[in-house]
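Just one chain is shown here, as structure tokens, and it is the form predicted on its own.
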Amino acid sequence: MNAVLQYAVQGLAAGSFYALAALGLAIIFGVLGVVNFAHGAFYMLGAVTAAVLLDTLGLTLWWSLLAVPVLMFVFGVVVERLFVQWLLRLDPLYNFLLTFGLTLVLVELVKQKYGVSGLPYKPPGILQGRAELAGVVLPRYQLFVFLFSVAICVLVWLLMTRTRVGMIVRASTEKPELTRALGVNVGRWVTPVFGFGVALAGLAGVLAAPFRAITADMGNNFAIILFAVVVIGGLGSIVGAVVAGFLVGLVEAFGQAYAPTFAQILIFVLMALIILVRPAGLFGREEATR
């Protein structure tokens, strides 16, 4: 039982991180209908920016958690204004190709600037070491990531359900045509929503900096897992992204414990099974799959 509890806690900790990282991807698709293939690259930029701020300005993790999302929000707004907005009315494939090309450009620029070796990043001393609670042992930083990610997910949920802006964005995500019919200009929320999604990706990158290798390619495999999370939860569903994030974290943790060779494969087996039973995902709308 102790082993099962240990793996469950590790899975929830990893799942909270996946949930946070997938939130931005789900929000962007829900409001814009854009499959943002560059989400992994934005995640990578968040981690790289945190490492650069630490190396050049001495800004620790605490400052990066505040500064990097703001910088990434601005960067996301610029990307949307310069590129994404011109393709929104065309076939979604065009924006997919655009964000795929943007990923290649960003990854190559980072490689040219910082090379292919990982950038160093250490967490604050207070987050180093291990913590034990009820027989479960976790690195302190992993515990911090869990608590911080859950807090951000709750804040995003409160923003979406308890504020007028959030209700408009949520309505635009879940029933865009009805929202337009009620006189809400969904288009005016496109730019800030895209920036917000990019900021969440950057924030996830900052959290990943101390425990993942900071390289130009760090977002490639991670983005594939995030797409699996979003598909499992339901394309465009914010709640679905969070629930699926925790579910994928648990599957990965128990897979690494009992079948490490197939741990990553199990995530996509789960995705395939859910699509077979419910093509729209756990919380997705049927029309989102058409």
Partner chain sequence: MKSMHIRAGAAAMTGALLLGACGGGPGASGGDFTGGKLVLAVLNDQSGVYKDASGPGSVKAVKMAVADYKKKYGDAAVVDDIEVTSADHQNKPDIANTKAQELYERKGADIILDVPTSSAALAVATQAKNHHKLFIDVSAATTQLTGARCNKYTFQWAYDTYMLANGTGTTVTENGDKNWQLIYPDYEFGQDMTKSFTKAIKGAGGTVQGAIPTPFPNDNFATFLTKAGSTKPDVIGTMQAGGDLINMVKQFNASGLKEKGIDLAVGLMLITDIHSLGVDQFAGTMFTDPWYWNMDKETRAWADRFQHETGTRPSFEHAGNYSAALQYLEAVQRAKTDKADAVVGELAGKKTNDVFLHNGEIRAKDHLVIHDTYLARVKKPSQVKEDWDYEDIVTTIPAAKAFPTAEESGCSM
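Please read these numbers as outputs of a predicted model, since none were measured by experiment. Positions refer to the first chain, counted from 1.
Separately, the form predicted in complex with the partner chain exists; it is not shown, and the next lines address it.
Item to check | Partner-facing stretch of 25-33, 247-255, 232-240, 52-60, counted where any non-hydrogen atom is within 4.5 angstroms of the partner chain in the model of the complex | outcome: It is the stretch 247-255.
Checklist entry - Though only this chain appears here, would residue 283 touch the partner chain in the model of the complex if you measure heavy atom gaps against 4.5 Å? => result No, residue 283 stays farther than 4.5 Å from the partner chain in the model of the complex.
Checklist entry - Should residue 270 be counted as a contact of the partner chain in the model of the complex, where contact means heavy atoms within 4.5 Å? => result Close contact is absent here: in the model of the complex, residue 270 is far from the partner chain, nothing within 4.5 Å, heavy atoms only.
Checklist entry - So, in the model of the complex, is residue 162 in contact with the partner chain at a 4.5 angstroms heavy atom limit? => result No, residue 162 stays farther than 4.5 Å from the partner chain in the model of the complex.
Next on the checklist: in the model of the complex, is there a heavy atom of the partner chain that lies within 4.5 Å of any heavy atom of residue 121, even though the partner is absent here?
Outcome noted: Because a heavy atom of residue 121 falls inside 4.5 Å of the partner chain in the model of the complex, the answer is yes.
Item to check | in the model of the complex: members of 194-211 within 4.5 Å of the partner chain, any heavy atom | outcome: Contacts from 194-211: 209, 210, 211.
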